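As a starting point, one isolated chain is supplied in C-alpha coordinates, in the form predicted on its own.
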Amino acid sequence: MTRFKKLLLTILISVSPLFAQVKGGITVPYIDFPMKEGKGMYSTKGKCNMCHSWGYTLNQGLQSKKFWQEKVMKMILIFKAPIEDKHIDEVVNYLFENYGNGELE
(Lines give C-alpha, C1' and ligand atoms only; values in the text may rest on other atoms or scores of the structure.)
Protein backbone atom coordinates (compact mmCIF):
# COMPACT_ATOMS: atom_id res chain seq x y z
CA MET A 1 0.00 0.00 0.00
CA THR A 2 1.41 3.37 -0.92
CA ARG A 3 1.96 6.16 1.55
CA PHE A 4 -0.86 8.19 0.02
CA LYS A 5 -3.33 5.32 0.36
CA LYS A 6 -2.31 4.77 4.00
CA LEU A 7 -2.78 8.45 4.74
CA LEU A 8 -6.14 8.53 2.98
CA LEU A 9 -7.31 5.41 4.84
CA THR A 10 -6.19 6.90 8.17
CA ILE A 11 -8.06 10.13 7.47
CA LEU A 12 -11.23 8.28 6.43
CA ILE A 13 -11.16 6.11 9.54
CA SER A 14 -10.52 9.17 11.73
CA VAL A 15 -13.38 11.28 10.39
CA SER A 16 -15.99 8.55 9.85
CA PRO A 17 -17.43 8.89 13.40
CA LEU A 18 -18.30 12.49 12.53
CA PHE A 19 -20.93 11.19 10.11
CA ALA A 20 -22.54 8.72 12.51
CA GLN A 21 -26.31 8.95 12.79
CA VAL A 22 -28.10 8.68 16.10
CA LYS A 23 -31.76 7.76 16.18
CA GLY A 24 -33.64 9.85 18.70
CA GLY A 25 -32.17 12.53 20.87
CA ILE A 26 -29.19 12.49 23.12
CA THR A 27 -29.83 13.41 26.74
CA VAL A 28 -27.03 14.77 28.85
CA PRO A 29 -27.59 13.85 32.50
CA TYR A 30 -28.04 16.70 34.95
CA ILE A 31 -26.06 16.37 38.16
CA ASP A 32 -27.17 18.58 41.00
CA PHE A 33 -24.52 19.80 43.42
CA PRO A 34 -26.48 21.26 46.34
CA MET A 35 -25.07 24.27 48.17
CA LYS A 36 -25.02 24.69 51.92
CA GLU A 37 -27.55 27.23 53.17
CA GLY A 38 -25.98 30.40 54.47
CA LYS A 39 -25.68 34.15 54.16
CA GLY A 40 -24.57 35.01 50.63
CA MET A 41 -25.58 31.64 49.16
CA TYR A 42 -27.79 32.98 46.37
CA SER A 43 -25.37 35.73 45.41
CA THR A 44 -22.47 33.28 45.34
CA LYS A 45 -24.44 30.70 43.38
CA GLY A 46 -25.43 33.25 40.76
CA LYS A 47 -21.89 34.47 40.30
CA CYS A 48 -20.05 31.13 40.36
CA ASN A 49 -22.55 28.99 38.47
CA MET A 50 -22.59 31.46 35.62
CA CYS A 51 -19.33 29.89 34.44
CA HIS A 52 -19.07 26.45 36.06
CA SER A 53 -21.05 23.96 38.09
CA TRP A 54 -21.01 24.00 41.86
CA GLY A 55 -19.19 20.68 41.66
CA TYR A 56 -16.06 22.56 40.60
CA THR A 57 -16.21 24.52 43.85
CA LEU A 58 -16.85 21.40 45.94
CA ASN A 59 -13.83 19.70 44.38
CA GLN A 60 -11.59 22.33 46.01
CA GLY A 61 -12.23 20.73 49.39
CA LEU A 62 -12.27 22.56 52.71
CA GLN A 63 -9.86 25.48 52.42
CA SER A 64 -8.56 28.51 54.30
CA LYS A 65 -10.00 31.99 53.96
CA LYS A 66 -6.82 33.06 52.16
CA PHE A 67 -7.33 30.23 49.62
CA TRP A 68 -10.92 31.30 48.94
CA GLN A 69 -9.89 34.96 48.65
CA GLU A 70 -7.18 34.05 46.13
CA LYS A 71 -9.52 31.73 44.22
CA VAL A 72 -12.21 34.41 43.91
CA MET A 73 -9.65 36.98 42.77
CA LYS A 74 -8.28 34.50 40.22
CA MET A 75 -11.78 33.98 38.84
CA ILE A 76 -12.23 37.75 38.53
CA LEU A 77 -8.81 38.69 37.16
CA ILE A 78 -7.96 35.68 35.00
CA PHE A 79 -11.34 34.30 33.96
CA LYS A 80 -13.22 37.64 34.05
CA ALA A 81 -15.91 36.43 36.46
CA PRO A 82 -18.58 39.14 36.72
CA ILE A 83 -18.19 39.74 40.45
CA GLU A 84 -18.32 43.39 41.42
CA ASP A 85 -15.91 44.69 44.05
CA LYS A 86 -18.76 45.24 46.50
CA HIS A 87 -19.65 41.50 46.36
CA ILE A 88 -16.15 40.00 46.73
CA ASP A 89 -16.23 39.85 50.53
CA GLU A 90 -19.73 38.34 50.49
CA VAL A 91 -18.63 35.53 48.16
CA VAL A 92 -15.38 34.87 50.03
CA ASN A 93 -17.15 34.85 53.40
CA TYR A 94 -19.84 32.47 52.15
CA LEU A 95 -17.21 30.09 50.77
CA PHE A 96 -15.10 30.21 53.92
CA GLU A 97 -18.01 29.88 56.35
CA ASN A 98 -19.51 26.92 54.49
CA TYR A 99 -16.51 25.30 52.78
CA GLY A 100 -13.65 26.50 54.94
CA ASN A 101 -11.29 24.59 57.15
CA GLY A 102 -11.35 27.19 59.94
CA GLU A 103 -7.89 28.54 59.13
CA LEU A 104 -7.39 32.12 57.96
CA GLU A 105 -4.12 31.40 56.13
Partner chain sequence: MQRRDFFKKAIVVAGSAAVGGSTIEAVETTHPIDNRKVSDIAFPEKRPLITYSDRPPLLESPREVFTSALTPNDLFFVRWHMPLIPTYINPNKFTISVNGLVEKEIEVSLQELKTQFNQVELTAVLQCGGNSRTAFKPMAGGIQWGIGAMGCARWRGVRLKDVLAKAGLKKEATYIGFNGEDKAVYNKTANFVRELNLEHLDDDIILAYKMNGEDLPYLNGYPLRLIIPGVYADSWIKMISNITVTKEKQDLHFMEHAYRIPDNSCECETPKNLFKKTKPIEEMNVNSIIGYPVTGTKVRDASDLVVRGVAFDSGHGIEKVQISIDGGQMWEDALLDDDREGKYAYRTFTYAFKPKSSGSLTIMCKATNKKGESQPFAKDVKWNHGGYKYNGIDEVTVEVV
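This one's a predicted model, so the numbers in the text were calculated from it and none came from an experiment. Heads up, when I say rigid core I mean the largest set of C-alphas that superpose within 1.5 Å between the two forms. Numbering follows the first chain given and starts at 1.
A second form of this protein, the form predicted together with its partner chain, is not displayed here; the remarks below concern that form.
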Taking heavy atoms and a 4.5 Å cut-off, does residue 49 contact its partner chain in the predicted complex? yes
Taking heavy atoms only, is residue 63 within 4.5 angstroms of its partner chain in the predicted complex? yes
Contact flag, residue 53 vs its partner chain in the predicted complex, heavy atom cut 4.5 Å: yes
In the predicted complex, does residue 79 come within 4.5 Å of its partner chain, counting heavy atoms only? yes
Between 17 to 44 and its partner chain in the predicted complex, list the residues on our side with a heavy atom within 4.5 Å. 17, 18, 19, 20, 21, 22, 24, 25, 26, 27, 28, 29, 30, 31, 33
Taking the rigid core as the superposition reference, indicate whether the CA of residue 23 shifts 2 angstroms or more between this form and the one not shown. yes
